[in-house]
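Okay, so here's just one chain, in structure tokens, the form predicted alone.
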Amino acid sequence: MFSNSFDIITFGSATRDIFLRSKDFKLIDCADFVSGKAMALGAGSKVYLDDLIFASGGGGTNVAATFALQGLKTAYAGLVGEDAGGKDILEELKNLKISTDFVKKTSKAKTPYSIILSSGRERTILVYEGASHLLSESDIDWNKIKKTKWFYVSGLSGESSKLFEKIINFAADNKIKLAVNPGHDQLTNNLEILKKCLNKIDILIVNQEEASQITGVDYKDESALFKKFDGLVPGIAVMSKGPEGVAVSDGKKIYRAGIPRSGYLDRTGSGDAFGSGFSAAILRGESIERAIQLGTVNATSTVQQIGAKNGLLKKGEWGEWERVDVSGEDLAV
């Protein structure tokens, strides 16, 4: 069904998500947690759910879904368990017309699961890391994956985090362009490795706190932060700012945009939706302004539904939202 040549191959986790919603999940004050809050259930009680939803998630497959829906020839490279969850993920990828040629199965662990407890506006996520995080060098068909134009690398954790530098260097050696949205392991235990790889990245996508971690510059000083980024990243540096929108630098200008006025039902996957929407536009040769607009509306649409993939937009769709205004400011020399 698929040839060995792709527009983009994605890396990252593939998970089964279970959303549990109940008004009986109570948010309480608790000094034991950084947030000062806790999600509480009565010990020994029976808790009734208002809703139970099964979906799929994981950075690797979430972004693959956007690229496929945006009309790009897409493959996912990863690891799933030899279980019902793994079977469901493979079936969904095929239904989305995402190649599973580079997905391997393992008996060493179950397919990852996330259980999202939601009381309405707040949520707590229980994570079983599972198979995706055991991805190793021998699980990847390196000779075949080089027949692509782009890689998109989401967060790699556990054993799979050891592959991060290998994938980046492989792409550089084979003239494959790179979009990277680093995960927790890259930004903590492997921060120095990430910094060493920045000069090979075409699109770097981070949030404000992560941008500050990488550059050592206060994220509130955007001009200084992007000046530092521009010396580290030869391509495009993207910094998401939560409800304040996004700031992007291509080394010449800083582009800024807000977000459409909208509510949300579930925030799961919004970062993946923005990063992949932005990157999809760049892959098609569109402007940074257009990329920001597509990434923003893709994320806005996603949070209107439960599940990281359910609200993703197809090529040509825009939903009910106006395109955000994008301003550009020349960077000081």
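All residue numbers refer to positions in the sequence shown, first residue = 1. Everything numeric in this text was worked out from a predicted model, so none of it was measured.
Below, we turn to the form predicted in complex with a small molecule, even though it does not appear here.
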task = Indicate whether the candidate residues A77, F102 and N169 are all in contact with the small molecule in the model of the complex, with contact defined as any heavy atom within 4.5 Å.
result = no
request  = Sort through 242 to 250, 156 to 164, 186 to 194, 69 to 77 and report the only stretch with a non-hydrogen atom within 4.5 Å of the small molecule in the model of the complex.
outcome  = 242 to 250
ask   = Would I306 count as touching the small molecule in the model of the complex under a 4.5 Å heavy atom rule?
value = no
request  = Look up in the model of the complex whether K26 has a non-hydrogen atom within 4.5 angstroms of the small molecule, and give yes or no.
outcome  = no
ask   = Does A64 reach the small molecule in the model of the complex if we count a contact as any heavy atom within 4.5 Å?
value = no
request  = Would you check, heavy atoms only and a 4.5 Å threshold, whether F33 touches the small molecule in the model of the complex?
outcome  = no
key: N174, S223, N199, S262 - the one with a heavy atom within 4.5 Å of the small molecule in the model of the complex   = S262
remark   = The one option of R284, R267, R290, K37 with any heavy atom within 4.5 Å of the small molecule in the model of the complex is R267
